[in-house]
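Just one chain is shown here, as structure tokens, and it is the form predicted alone.
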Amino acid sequence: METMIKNAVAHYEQLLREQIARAENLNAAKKQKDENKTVIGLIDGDGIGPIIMAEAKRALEKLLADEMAAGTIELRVIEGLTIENRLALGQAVPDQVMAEIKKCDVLLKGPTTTPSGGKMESANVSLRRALDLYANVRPVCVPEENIDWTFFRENTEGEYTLGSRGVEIPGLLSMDFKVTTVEGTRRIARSAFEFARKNGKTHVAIVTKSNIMKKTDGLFSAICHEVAAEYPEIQADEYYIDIMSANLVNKQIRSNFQVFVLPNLYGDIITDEAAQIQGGVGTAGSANTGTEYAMFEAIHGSAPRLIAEGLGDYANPESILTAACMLLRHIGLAEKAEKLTAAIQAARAVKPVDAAIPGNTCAAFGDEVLKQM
């Protein structure tokens, strides 16, 4: 037991030193960028990923045909981020794949599978950390219910940054670690309040469990309120994650919420709840942005059950197409984003993906999107 304790303490010291170094170097040097061309990396992912990404690729090729011909935009397929390759190499993101990814400016990524158990972390977590994609931005909109929410989830810290590197005393206990830094919190808070100011929003909800997680969530709360003081025109209120989860399904008050800022794990959970209110996780896209890179994806996983049941062709591509809309806005092509958004909405009414209806497949939905464009 004494040896195990000493080993755990040494392991924790290593983790602590790594996180101190990371916190001290959050403002890294900028990468060199070709100002005349934007490289969009396309990553299929696993399971239903290649199926839905095929429709996103078709839509982008049509929308960006002129820019691609002029050489101002390149669509670049990045291969190798598959569960088979990752397991074979024992890397969440293989080194060669990461090198190719870093040559891009923005990414559109299909869902990737994370093995259960073991020590291999999520490819998403690894990418968010390596590219410093600290802001996970997820919009949810249900106009008929007056819902217009935008969630700012801290993307590189919390329980996820060391989620695969906890300590274990076999047969007795296990411990994982949660990390909150001052600068990491400040930049996600500022992103949320800047968005609110620029978009005429008047309320930001700070979501924590600071009454229980007094060190980590307590720091997150304090920094968010510190940043909020710089935006006196915006009302900032703090809610605990459990009551906020209930508030989102309370039809009497949920339309009062506008912008949310919250730590990593809470954001992961509550944005899936919000997406379900919108119509399911298959309808929601997600942006992961940092200072130098940005990655856009569906918020759902690779749906292995759908593949196992032979229903992969009926995967709904709306989520990845919505993510493509967010990507287009991010690179300054708002009109094209609106064109794609309108086409998605029209296709949903005409050709909804439905395994019970012959011909209403993922590809048929993509065909309808192209037709509507």
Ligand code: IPM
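Residue indices: 1-based, along the sequence shown. Computed from a predicted structure; not experimentally measured.
Keep in mind that the form predicted together with this ligand is not shown, yet the notes after this line are about it.
Interface residue remark: Glu292 is not counted as part of the site for this ligand in the predicted complex, having no heavy atom within 4.5 Å. The closest heavy atom approach of Asn124 to this ligand in the predicted complex falls within 4.5 Å. In the predicted complex, this ligand lies farther than 4.5 Å from every heavy atom of Arg187.
In the predicted complex, at least one heavy atom of Ile299 sits within 4.5 Å of this ligand. Just one listed stretch, out of 222-230, 175-183, 124-132, 239-247, contacts this ligand in the predicted complex at the 4.5 Å heavy atom level, and that stretch is 124-132. Scanning Asp268, Glu100, Asp148, Asp105 against this ligand in the predicted complex with a 4.5 Å heavy atom cut-off leaves one residue, Asp268. Tyr160 is the sole member of Tyr160, Phe193, Phe257, Phe152 with a non-hydrogen atom lying within 4.5 angstroms of this ligand in the predicted complex. Scanning 41-76 for heavy atoms within 4.5 Å of this ligand in the predicted complex gives no residues at all.
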